[in-house]
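The chain below stands alone and is given in structure tokens; this is the form predicted on its own.
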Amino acid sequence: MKELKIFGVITFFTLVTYWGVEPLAHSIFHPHVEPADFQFKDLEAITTTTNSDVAKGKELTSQNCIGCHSINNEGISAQVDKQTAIDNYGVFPPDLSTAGLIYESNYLANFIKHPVKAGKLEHKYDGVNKFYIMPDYSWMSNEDIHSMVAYFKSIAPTKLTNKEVFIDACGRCHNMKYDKVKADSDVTKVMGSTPPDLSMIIRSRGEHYLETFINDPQKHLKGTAMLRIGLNESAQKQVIKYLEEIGDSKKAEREAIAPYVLGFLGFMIFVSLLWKREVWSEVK
């Protein structure tokens, strides 16, 4: 009976800590943030009354984008060479081959129209004292922007590996040293700080944190230099899956063995109780 009382007291304080103190501490260190928004409701809904014209989108892209950007799956190289781009902009602008697959369509339209606003970087680039490396195209009509997005979607591959999505979405800024993925070293100069290596981010932050952080970094780090990437839900899941594959490769194995470990512990508890009863029976 005495042992049961001790067990009851321990259980009571454990539950008070788990359901009382721990949630309070968690709410202080990890304030609640809204769930990931893959519709990007804060952005303008760029709509059009006409069907998107892919051919026109290709022409507009040729006129306005390939001066800086390559589109490798179309065999199009940027008109500016890499060193000149680095000298002028600080970085070599990314290839646009997969943009139509990994980015949410309305976000992509808004990014073309106003990249600073879409990326939530107004605190860093005010358009007066400091300018973002990509100009906005707010002078374009919604129909034209829609046509460009339609073009990007028409040329995008139908499928990418998790690693390929990570490289296109995150690999320009972040290293993944455990998988030998190296970031563009010139990005550091533009960002003003060195973006962290992400090899173990899944272990240190967890999947839930990454779901909201990737979708909108400002929710967790107000004023961070990291822009809102604008991935669609499928692409973001692939990024997180890749982070898990590299940083927590034993997760499946660990989860598979867990029932056996718990079963063994339960068996040992049972054996211990039998042993205790045997020992105390002799004392009596």
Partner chain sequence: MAHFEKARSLGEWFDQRLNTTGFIKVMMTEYWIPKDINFLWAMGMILAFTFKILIISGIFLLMYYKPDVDMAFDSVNYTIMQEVGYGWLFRHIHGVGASLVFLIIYIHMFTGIYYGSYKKGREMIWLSGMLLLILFSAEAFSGYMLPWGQMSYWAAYVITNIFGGIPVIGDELVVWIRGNFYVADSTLTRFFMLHVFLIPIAILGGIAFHFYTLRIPHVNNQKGEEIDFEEEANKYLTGRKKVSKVIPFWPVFMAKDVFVLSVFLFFFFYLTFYHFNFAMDPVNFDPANGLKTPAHIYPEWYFLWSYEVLRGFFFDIGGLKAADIGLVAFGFAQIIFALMPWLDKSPTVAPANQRPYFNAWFWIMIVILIILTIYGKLPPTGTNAWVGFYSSIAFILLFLALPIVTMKEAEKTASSIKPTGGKH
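Model, not experiment: these values are computed from the prediction. Numbering follows the first chain given and starts at 1.
From this point on, the text means the form predicted in complex with the partner chain, which you will not see here.
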### Task
Have a look at 50 to 58, 254 to 262, 65 to 73, 224 to 232 and name the one stretch with heavy atoms inside 4.5 Å of the partner chain in the predicted bound form.
254 to 262
### Selected contact from 209, 89, 131, 178, since only one has a non-hydrogen atom within 4.5 angstroms of the partner chain in the predicted bound form
178
### Message
Residue-level contact is defined here as any heavy atom of the residue lying within 4.5 Å of the partner chain in the predicted bound form; does residue 138 satisfy this criterion?
### Response
no
### Query
Should residue 32 be classed as touching the partner chain in the predicted bound form when contacts are defined as heavy atoms within 4.5 Å?
no
### Message
Can you tell me whether residue 249 touches the partner chain? I mean in the predicted bound form, with a 4.5 angstroms heavy atom cut-off.
### Response
yes
### Query
Hey, in the predicted bound form, does residue 205 get a heavy atom within 4.5 angstroms of the partner chain?
yes
